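One chain is shown next in structure tokens, namely the form predicted alone.
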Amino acid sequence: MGEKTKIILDVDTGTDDAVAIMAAVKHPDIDLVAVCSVAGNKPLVNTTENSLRVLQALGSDVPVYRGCAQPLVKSITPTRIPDHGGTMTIVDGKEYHVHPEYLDLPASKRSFEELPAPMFYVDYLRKAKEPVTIVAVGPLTNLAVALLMDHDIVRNISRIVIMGGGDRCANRTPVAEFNIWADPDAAQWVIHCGADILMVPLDATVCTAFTKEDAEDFRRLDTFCGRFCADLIDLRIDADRAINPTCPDYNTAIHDALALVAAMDESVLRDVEQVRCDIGLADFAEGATLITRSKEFLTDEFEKNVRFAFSADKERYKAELMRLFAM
């Protein structure tokens, strides 16, 4: 057996983040160094506590570092385009949330670490004796702040795997995916930091959407992870049905866990291409993932900077989660 892959997981937990945490803890070839929380799906107090709850339920003592509660500059710039989406609705007096305020797990008995997440990145990566993989499945604020504090830490990052963005797909505005939209300035900084970047966007994750039938397959594993994953799939589908009652097909993409799985086995992705990617920072392009296709613009000064997955293999992804959650 070879050495385990050291991974730092950056999350805004969140239902699909919870599945990513479970997969990281259960993966036999991952050494999960730390979990860093960031505001995104919910405020920082919720995403931090939810991360701690999942780890506690797994019997894991992986440290949690609390990160940034606000984006770099977006929240103090009133001209930035407002949010056009939502993940909650009320039907017959009942609230439906894609991401509940707190996950339905016992409250955590331990706290987050004293060191803030960006400072943890700087401290850990300065001292690292081997490169580490960062899997970032929320807004990229923590990592951007760390790189602004000390850009030299990039030398000890082997790869950054990002769940975020979309070429033909969006879920927060007509052109933007949520994680990138939530802090587009941070995203622009990170994808141009010089590290090896793999983006797992909506184009890939929507190809792996799970149904109620898939949820039952996970539930039949009869393990905590299998049952909890099934419950989260059901919760997300029920919320989507309430929020979008005219949608003809109900399934749900567990976006964040695909990025974690891909960090270890990229064969779950399809149509991965090296591209030039930038992030829209204003007006109706706010948070848009902008891929340059005109060859005349691709020069030494305007080079390709991201590997971008345009599709994914649902069955391979599901099989890997089933394998991990059967343990």
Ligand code: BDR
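Please read these numbers as outputs of a predicted model, since none were measured by experiment. So that there is no doubt, residue numbering starts at 1 and follows the sequence shown.
One more form of this protein exists, namely the form predicted together with this ligand; it is left out here, but the text below deals with it.
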May I ask you to choose, among F112, F228, F178, F210, the residue with a heavy atom within 4.5 Å of this ligand in the predicted complex? F178
This ligand isn't shown here, but in the predicted complex which of A146, M163, I233, A204 has a heavy atom within 4.5 Å of it? M163
Which of 147 to 155, 218 to 226, 170 to 178, 67 to 75 lines the interface with this ligand in the predicted complex (heavy atom within 4.5 Å): 170 to 178
Please check if T48 has a heavy atom lying within 4.5 Å of any heavy atom of this ligand in the predicted complex. no
Determine whether any heavy atom of D256 comes within 4.5 Å of a heavy atom of this ligand in the predicted complex, and answer yes or no. yes
Is there a non-hydrogen atom of V137 within 4.5 angstroms of a non-hydrogen atom of this ligand in the predicted complex? yes
Does this ligand get within 4.5 angstroms of any non-hydrogen atom of N41 in the predicted complex? yes
From first to last in sequence, which residues of 12 to 36 have any non-hydrogen atom within 4.5 angstroms of this ligand in the predicted complex? D12, D16, D17
